[in-house]
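Below you will find one chain, with nothing else, as structure tokens; this is the form predicted on its own, and questions on how it binds or moves follow later.
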């Protein structure tokens, strides 16, 4: 029944022209924001969720691993959208020395399409109007709120909203060149190039993520994420300042051919990844930012799924307060949005961002030395803290560079 209902919405026109809140973007941040706002307000508010594509119909351009505990704190875990369970991480050095962090059932591999579908269904059940065939062209500030120019089915329409939640992804230009939004986070604090392939025939542990470090992945890292026991997500991200003469696709294919000659590559995807954190405001003039559009991403691990869910929830709760307010405290509510995010994860992200340059300065030899030492230890002694300090012990000069992170 839910599938048919959403299909009808995709093919229909908008139910109305005026909304209390329009959520722009149906990634995890936008879906969570819409669902949270629908749950908080019910039919008392008119909430609209827009995206140009259904978030469960096309490939998701990132890895699919999350912490089980962190996800469970934000969204009920349904076995239907869990591809597999993780029990650890391999940290692999340039010479392929491997340290292992082991923790039974510490993480999940998600089927992102089904995961997104579950949140979209919940949002609709909470009264959110969803259109996943609507392209947003422009936002315009008005005296009473916002105009949103949208095209759907070849026709254009201007919708109005009291508030906007911008969850449109990294470097989206929706909020650019709008005078009242000067100084707000734009989502391009730190954009880096990422690429990955879906492949099979690659030997791997279905219960482990494998991360590759060293100059081969300058200022970034490579990875293998298991998917279903046969397929893997294999790829890498490079620092934003890296000048790479070799096309990323070719670099990835060469890495796979060299290390996994029996692999069969089924598809390759790439794009820019948000990898930063700033102190810029996340809300102004009734517009609230969430997810990659708000640079709510771990700067070193580049993880963003749980971060997007949390920032979407924070944005929705702030919008709910904003709409209930008579107007006197709306500015304070907007300012508090950043404060809430910083308390939850942002402060930690800033510390990590300060440590990023030091981490990137670790040499191949230092990674090899640390990983070789760790690989000789029993599994139970290869804790994350021990792994971290062994890397630093192999390159003591980095400790000074990472002093902000270590405080």
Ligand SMILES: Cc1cc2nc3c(=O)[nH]c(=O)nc-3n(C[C@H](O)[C@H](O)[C@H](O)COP(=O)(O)OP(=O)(O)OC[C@H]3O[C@@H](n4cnc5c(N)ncnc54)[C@H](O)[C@@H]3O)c2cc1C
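Positions refer to the first chain, counted from 1. Note that the structure is a prediction, hence the values are computed from the model and not measured.
What comes next is about the form predicted together with the ligand, which does not appear here.
Partner contact region in the predicted complex: 192 to 200, out of 192 to 200, 156 to 164, 323 to 331, 99 to 107, criterion any non-hydrogen atom within 4.5 Å of the ligand. For the three residues 53, 63 and 304, a heavy atom within 4.5 Å of the ligand turns up in the predicted complex in every case.
Using a 4.5 Å cutoff between non-hydrogen atoms, residue 145 does not count as a contact of the ligand in the predicted complex.
Taking non-hydrogen atoms only, residue 27 approaches the ligand to within 4.5 angstroms in the predicted complex.
By the criterion of a heavy atom within 4.5 Å, residue 291 is counted among the residues contacting the ligand in the predicted complex. When the ligand is considered in the predicted complex, residue 169 lines it closely, a heavy atom lying within 4.5 Å. Checked against the ligand in the predicted complex, the residues 112, 313, 141, 126 give one hit for a heavy atom within 4.5 Å, which is 112.
This chain appears without its partner; in the predicted complex, the one residue of 300, 136, 238, 265 with a heavy atom within 4.5 Å of the ligand is 136.
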